[in-house]
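Take a look at this single chain in structure tokens; it is the form predicted alone.
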């Protein structure tokens, strides 16, 4: 008997693939056009204020996004082992190990690795402390300038002192970029970049909010795949145009009552980075039982709103208040609000061996969320790209037991 289809693909995915292929092709051949057009190449962390770089006509490339690509193509484990053989601990982030492995063995890496050498490295510590050591290692490998934006951890609300601390660093970064590029900051261009970022963020937020509908028009794999432009192309016209297209398609699904998961019976919230090498196989265990992940905390990290006013002050506040830079209380409250707003029946937390800031406090958050919402929460232990940590059968058994619990409530 033929297996009944339970998952509805998005037509926008074709456009996404074309756009990302073009972005990586342009990046790969940056050496041919970057210098003539006076566009330096920067490797940058995902939580860094990319609008500032774009205002200086710098082409940004994201090693973390590349790490996710290595994960989906299932080459991360080999690349991690290359880095480990060179002395990098297996306990380090697998994005970092994959990326360093791709530098050491480009023959094993998708697209032969990222274009190198970069003209500069830009690192913001708002997502974790590992990125600092990762980028320091890259700076030693390539002997290129490293610009660091240090954001203090926020146990509560953003203080004036913390914002001023980050603002002063942004001013220093402007001075450094003026020196490295040989051109002054164009504040009009920075405002245009911020305006496009704000538009992109607004569209991504609205797309996610459409998943409050029952059935949900999107499932977690959709959110993870279609978040790529808001990471790599934030501040560009391409990203704005793409999310308008995606929003129209998602809105049409809601109007027609089309769900991403056929026969949606259970609504769930996901916490942490995707298990990239199992992005479809893992979630299929849920969708086959009519369970849909209607929202998540990870792709929601890019719905931060850029406040109006002075551009540097706006970026100082926004990039310091990234959710991974916040207290367990903030993250528990965020999860509770998602469960209530999206009428979720439960939640699943990926205890991600690579991402300590995301994972170490999850048990505290899980207990608090369960206590205040009354819905069950499951913790699944794995890694975002290193397949050696993934144990298929124990995870399948736990998922099955969890779904029986949620379905029986």
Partner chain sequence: MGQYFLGVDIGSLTTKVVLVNTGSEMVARATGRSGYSGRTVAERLVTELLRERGMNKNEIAATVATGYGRVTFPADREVSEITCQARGIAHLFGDARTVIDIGGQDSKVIRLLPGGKVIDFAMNDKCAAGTGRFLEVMAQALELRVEDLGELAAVARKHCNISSFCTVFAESEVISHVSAGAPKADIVAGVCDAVAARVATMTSRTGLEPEVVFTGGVARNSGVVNALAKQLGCPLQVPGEPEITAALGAALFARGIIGD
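Quantities reported herein were computed from a predicted structural model and do not represent experimental measurements. Numbering follows the first chain given and starts at 1.
Below, we turn to the form predicted together with the partner chain, even though it does not appear here.
The chain is drawn here without the partner chain; in the model of the complex, the stretch among 34 to 42, 51 to 59, 366 to 374, 65 to 73 whose residues come within 4.5 Å of it by any heavy atom is 366 to 374.
Using a 4.5 Å heavy atom cutoff, none of 233, 242 and 251 lies near the partner chain in the model of the complex.
In the model of the complex, no heavy atom of residue 21 sits within 4.5 Å of the partner chain. In the model of the complex, residue 16 stays away from the partner chain, with no heavy atom inside 4.5 Å.
In the model of the complex, no heavy atom of residue 355 sits within 4.5 Å of the partner chain. Proximity of residue 9 to the partner chain in the model of the complex falls outside the 4.5 Å heavy atom cutoff. Taking the partner chain as it sits in the model of the complex, the stretch 363 to 402 comes within 4.5 angstroms of it through a non-hydrogen atom at 363, 366, 367, 370, 376, 377, 378, 381, 389, 391, 393, 394, 396, 397, 398, 400, 401, 402.
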